[in-house]
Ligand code: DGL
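Encoded as structure tokens, the following chain is the form predicted on its own, with no partner shown.
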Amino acid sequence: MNSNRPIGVFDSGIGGLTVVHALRRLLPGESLVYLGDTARVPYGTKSHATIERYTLQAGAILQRYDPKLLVIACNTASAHGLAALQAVAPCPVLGVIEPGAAMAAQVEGPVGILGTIATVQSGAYEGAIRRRRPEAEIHSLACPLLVSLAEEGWLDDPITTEICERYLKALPESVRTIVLGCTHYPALRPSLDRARPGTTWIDSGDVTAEAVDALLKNSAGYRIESSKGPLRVLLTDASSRLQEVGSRFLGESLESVELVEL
């Protein structure tokens, strides 16, 4: 196996660039190909069958780049499409839910899950946590407005804080650890922190990057070349604004994107 092959990363839009940011920080030498389905975002309100189909289509496009592994950076696609893609992909496929759930299962006391409607309705986080800690007390909460606020760039804004407060009031005060079960949500940390001070937030991007690191170490192998790994960004719909918002999520300038059709 050629360890210099890229890691393919897929998301329903540009929120998954927060996962790419975590990968670039932990594994700066790795080559990455990112595919964001910006023409069909959001996935969070779509049916299981549609999300599964979209996930398989994205996996087929990323296979053109001969990846050594695939990462589904989208929580909704991980909940509804991971098993289907794992069944057909010629390389390992990781989602963001299992790493986040593994971290949450280590926490004492109740755990909160914030996600899209589809992620919450899937019960994927609850199932993954309870496989590890059957007695866990879990409170899941759909927060559909937060994706739009993140993409609007209102990351540290009184309106965003107020909406976060309104959502988070639905969680018992005893919940002091919350999984950010959508790739957009880490960008809203300033507002989330103000809305619920003293909370420990589990960022699925960070823990997924650690899971990728473990897989590279154990089987897929690290990129041998010493230069910083290249990043190729593919979108199904592009605009200058997407590049602006994408740069915010990525934590570095998103210089160029390529258009592809699913």
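One rule holds for the numbers: they count along the sequence shown, beginning at 1. The structure presented is a predicted model; accordingly, all values stated were derived computationally and were not measured.
Omitted here: the form predicted in complex with D-glutamic acid. The next part is about that form.
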property	result
Interface residue in the predicted bound form among A104, C143, C182, V93, criterion: non-hydrogen atom within 4.5 angstroms of D-glutamic acid	C182
Residue stretch of 133-141, 85-93, 112-120, 167-175 approaching D-glutamic acid in the predicted bound form, non-hydrogen atom distance within 4.5 Å	112-120
In the predicted bound form, G36 touching D-glutamic acid (heavy atom, 4.5 Å)	no
4.5 Å heavy atom contact, G205 and D-glutamic acid in the predicted bound form	no
Interface membership of P42, D-glutamic acid in the predicted bound form, 4.5 Å heavy atom rule	yes
Partner proximity in the predicted bound form: L149 to D-glutamic acid, non-hydrogen atom cutoff 4.5 Å	no
Residues within 4.5 Å of D-glutamic acid in the predicted bound form, restricted to 51-70 and counted by heavy atom	none
